[in-house]
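Next up: a single chain in structure tokens, the form predicted alone.
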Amino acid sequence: METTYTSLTKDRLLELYQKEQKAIRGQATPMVNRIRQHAFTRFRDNGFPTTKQESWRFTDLRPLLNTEFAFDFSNQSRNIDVDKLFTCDVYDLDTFSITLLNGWFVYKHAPLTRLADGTIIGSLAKAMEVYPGIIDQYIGRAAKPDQYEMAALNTAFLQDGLFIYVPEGAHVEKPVQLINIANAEHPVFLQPRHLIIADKGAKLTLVHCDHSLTHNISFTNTVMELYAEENAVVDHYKIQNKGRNSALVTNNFFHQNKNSRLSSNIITLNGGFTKNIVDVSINHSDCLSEHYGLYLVDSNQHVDNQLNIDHVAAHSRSNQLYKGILDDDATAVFSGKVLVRRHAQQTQAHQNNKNILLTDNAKANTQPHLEIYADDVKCSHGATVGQLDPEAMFYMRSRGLCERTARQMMMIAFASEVVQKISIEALKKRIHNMVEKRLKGELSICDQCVLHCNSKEPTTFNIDLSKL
């Protein structure tokens, strides 16, 4: 099947959906196809989000939609040896590593792996064929296409992505690392879909890395549904290091049941346009839901973090801490909402967003919001937008540090509060190192360097001896 090219207008996408029905449906169950059709109807009615909506008021998609994008409905990347394209360079990070290339699951041996404890890891497209009962029980329950237009678009075109099922009582010893790679000669539009289920008493750590291997234009619109059932413990890390010509919209839906523990940490190091949507439903009592974020943006980069946490039941806690450093003409948005329903008594919910602006042209818009209908709660929210503390800068300069070094040390200290929340030691060290490089302006140089440190191939230098 040939690659299809189209611009991202609503009418063109609706035509594409009808044209590619056979490929899109694949081996999915009737339930999945009904979910697709419902999402298609919602996108047909609502289209793309606009700046007239409060949650998109400072983030305009329109400039990104005019490009002619390529769509791949048949997995044309299936025969590519991804190890030759990318190797994770986090030293001593022992993970169960899997890769998505241009939206499709890439494997050497089998599309699904079943571990000794019954855990299933692999391709969502294959899981829809092999495990239809699990798929029908969970898919689409947490995602909200009626509220989120980009989630509706993803659901309508749902095909492949990551599938993880951790059965009752199973503890996955190694972190599962998902490496999501965009690598194409032409502008490409990707819509991976992830379904993660941690059953009763299960434990799972998921590391999700978004990368670009070229400077070509790409637009990735991701939906992840993650279910933490009763007494489950889930740690989720999302590392975003995309090219400056990339656009990334992530729709993250978390569904928590009684006494579950969830920790999510989203770190944005690079990317032209980034919108992270986090929607959490705390459906039962005694849950803990912690959400951290760090974004470092410069040039004309834009990052938008939108968090909605819904406390449905009593005796649960949530915490949000997002911090950003903005340089040059960069812009950032934080929109956080905590909803405490009438029966969610004795809820504790805290929300904090802090931003440092390094130039007069950098802009941060922050909107913390509490909506409380219960009377026995402990809730707080706060937001700050400012520059580096001049008194602290003077103190450090008086101790013999130059201005550049003092600024870098203060920024690193500011960012480290979020980095320290990473429980995987090797990953924490690597992210700390990447943050330091990013703040020194060195990280963006890596993809230009001839050394290619993450490559398994030996580095060769072509030297013209006649010039010596």
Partner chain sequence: MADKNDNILEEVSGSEYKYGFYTDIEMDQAPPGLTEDTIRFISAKKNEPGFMLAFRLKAFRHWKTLKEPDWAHVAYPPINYQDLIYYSAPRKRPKYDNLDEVDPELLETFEKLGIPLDEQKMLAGVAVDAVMDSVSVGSTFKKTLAEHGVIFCSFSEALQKHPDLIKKYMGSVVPYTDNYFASLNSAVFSDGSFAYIPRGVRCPLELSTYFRINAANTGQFERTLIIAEEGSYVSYMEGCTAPIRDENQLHAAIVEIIAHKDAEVKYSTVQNWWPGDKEGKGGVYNFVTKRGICEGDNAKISWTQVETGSAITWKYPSLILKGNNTIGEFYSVAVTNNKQQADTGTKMIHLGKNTRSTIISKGISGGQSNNSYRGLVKTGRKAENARNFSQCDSLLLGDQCGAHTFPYIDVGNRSSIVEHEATTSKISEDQLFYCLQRGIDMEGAIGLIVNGYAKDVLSKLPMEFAVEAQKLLSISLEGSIG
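Residue numbers count along the first chain shown, from 1. Fair warning: this is a prediction, and the values are worked out from it, not measured in the lab.
The same protein also exists as the form predicted in complex with the partner chain; that form is not shown, yet it is the one meant from here on.
Among heavy atoms of Thr99, none comes within 4.5 Å of the partner chain in the predicted complex. The partner chain in the predicted complex comes within 4.5 Å of no heavy atom belonging to Lys108. When contacts are judged by a 4.5 Å heavy atom cut-off, Tyr131 does not count as touching the partner chain in the predicted complex. Contact annotation for Asp376: at least one heavy atom lies within 4.5 Å of the partner chain in the predicted complex. Shown here without its partner, the chain carries Asn216, Gly243 and Ala247, none of which come within 4.5 Å of the partner chain in the predicted complex through any heavy atom. Between 41-49, 428-436, 54-62, 26-34, the stretch whose residues reach within 4.5 angstroms of the partner chain in the predicted complex through a non-hydrogen atom is 54-62. This chain is drawn without the partner chain; in the predicted complex, the residue among Gln137, Thr384, Asn300, Asn283 with a heavy atom within 4.5 Å of it is Thr384. The partner is absent here; in the predicted complex, the one residue of Leu288, Ala392, Leu358, Leu115 having a heavy atom within 4.5 Å of the partner chain is Leu358.
Contact residues in stretch 359-379 (any heavy atom within 4.5 Å of the partner chain, taken in the predicted complex) are Thr359, Asp360, Asn361, Ala362, Lys363, Ala364, Asn365, Thr366, Gln367, Pro368, His369, Leu370, Glu371, Ile372, Tyr373, Ala374, Asp375, Asp376, Val377, Lys378, Cys379.
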